[in-house]
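As a starting point, one isolated chain is supplied in structure tokens, in the form predicted on its own.
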């Protein structure tokens, strides 16, 4: 469904589909964490109630023009990224932008958040942004390196084509199977990209009062929640398309989405939080050498 009326329907419906999946993932993550910690936990759709409550607030404090623009960059950048990430039945925009384009667009939301939080002049928010930018140096370099190796192996930078190559031979041709060093290194990076423990230094609720969200309230915080929920789906789908063969139908897509998120949240529930310097050292000592070795093996042997 990539032409005509079907395409228009997809363009309009895709954000709502991603948000709905994000709500279920967010609620599932809370419920899973609670069960691991022997608690009952909230409802699966609690994130939806949170967003409705925040967006219905009548009093919203703006700290200036950049504070407002930042919210548009935060949500808009995530939505734009979402359109370039192929899912079952919709890959129209992927023909106009490969993973290199996605990589650049992914930097728009953090930049917008940095500008908006800087406008608030809250020290906790500034610390959170500083940590976020430092973490980018840890996981972003490694994740991009894993993609470079995978693209060299298959001779294309198109996420859709990489997904099709993996689906052509079943599980045996998945990126995680054919290039385990790259797949595992990228999995570590995914944990950092999603700001889940042990890489939760950006928010650190018991240390810097949720960092970037400290001065956000009402609709501003609601928009950050919406962006977070959609971003869950986008980041998980990127990894799925690159290393788990993507999905041929929506049942397979949702199943892989929840399976991958279960792994991420299980680690989040049982591990403590690294300090910023410890997190960076971890990325540079384990995932980065793994990714580099994987690329070297591809260059030498083409495996």
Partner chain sequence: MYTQALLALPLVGFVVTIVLQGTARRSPAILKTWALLAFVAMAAVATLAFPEIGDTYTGPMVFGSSLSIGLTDLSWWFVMMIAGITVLTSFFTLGALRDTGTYPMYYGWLFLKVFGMLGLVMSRDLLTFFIMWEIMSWATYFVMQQGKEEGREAALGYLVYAIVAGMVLLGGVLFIHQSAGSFEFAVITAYMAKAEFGILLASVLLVLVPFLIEAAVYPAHGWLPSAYASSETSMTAYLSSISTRMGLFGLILFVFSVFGLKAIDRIGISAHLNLRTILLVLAALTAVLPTYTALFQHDAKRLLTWHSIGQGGYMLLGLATASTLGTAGGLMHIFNYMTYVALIIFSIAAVEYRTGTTNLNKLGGLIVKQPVAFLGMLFGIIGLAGIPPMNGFVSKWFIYRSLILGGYPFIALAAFIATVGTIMSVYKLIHNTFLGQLPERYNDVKEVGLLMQLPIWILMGVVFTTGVFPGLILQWIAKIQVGMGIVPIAWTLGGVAREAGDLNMMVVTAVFMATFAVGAIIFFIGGKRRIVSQYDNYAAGHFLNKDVPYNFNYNFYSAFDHIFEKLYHDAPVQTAIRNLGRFVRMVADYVRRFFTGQINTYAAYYVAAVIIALAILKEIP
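Numbering follows the first chain given and starts at 1. Every value quoted in this text rests on a predicted model; they were computed, and no experiment measured them.
From this point on, the text means the form predicted in complex with the partner chain, which you will not see here.
**Study point:** Residue contact check: residue 295 to the partner chain in the predicted complex, 4.5 Å heavy atom
**Key:** Output for residue 295 is yes: heavy atoms within 4.5 Å of the partner chain.
Notebook entry, point to check: Does any heavy atom of residue 281 come within 4.5 Å of a heavy atom of the partner chain in the predicted complex?
Noted result: Answer yes; at least one heavy atom of residue 281 falls within 4.5 Å of the partner chain in the predicted complex.
Using 4.5 Å between non-hydrogen atoms, is residue 88 touching the partner chain in the predicted complex? Taking the distances in the predicted complex, the answer for residue 88 is no, it never comes within 4.5 Å of the partner chain.
* To do: Please check if residue 77 has a heavy atom lying within 4.5 Å of any heavy atom of the partner chain in the predicted complex.
  => Taking the distances in the predicted complex, the answer for residue 77 is yes, it comes within 4.5 Å of the partner chain.
Scan 165, 181, 177, 115 and let me know which has any heavy atom within 4.5 Å of the partner chain in the predicted complex.
Exactly one residue meets the criterion: 115.
**Asked** Relative to the partner chain in the predicted complex, which residues of 105-144 have a heavy atom no more than 4.5 Å away?
**Response** The stretch touches the partner through 105, 107, 108, 111, 114, 115, 118, 119, 120, 121, 122, 123, 124, 126, 127, 129, 130, 133, 134, 136, 137, 140, 141, 144.
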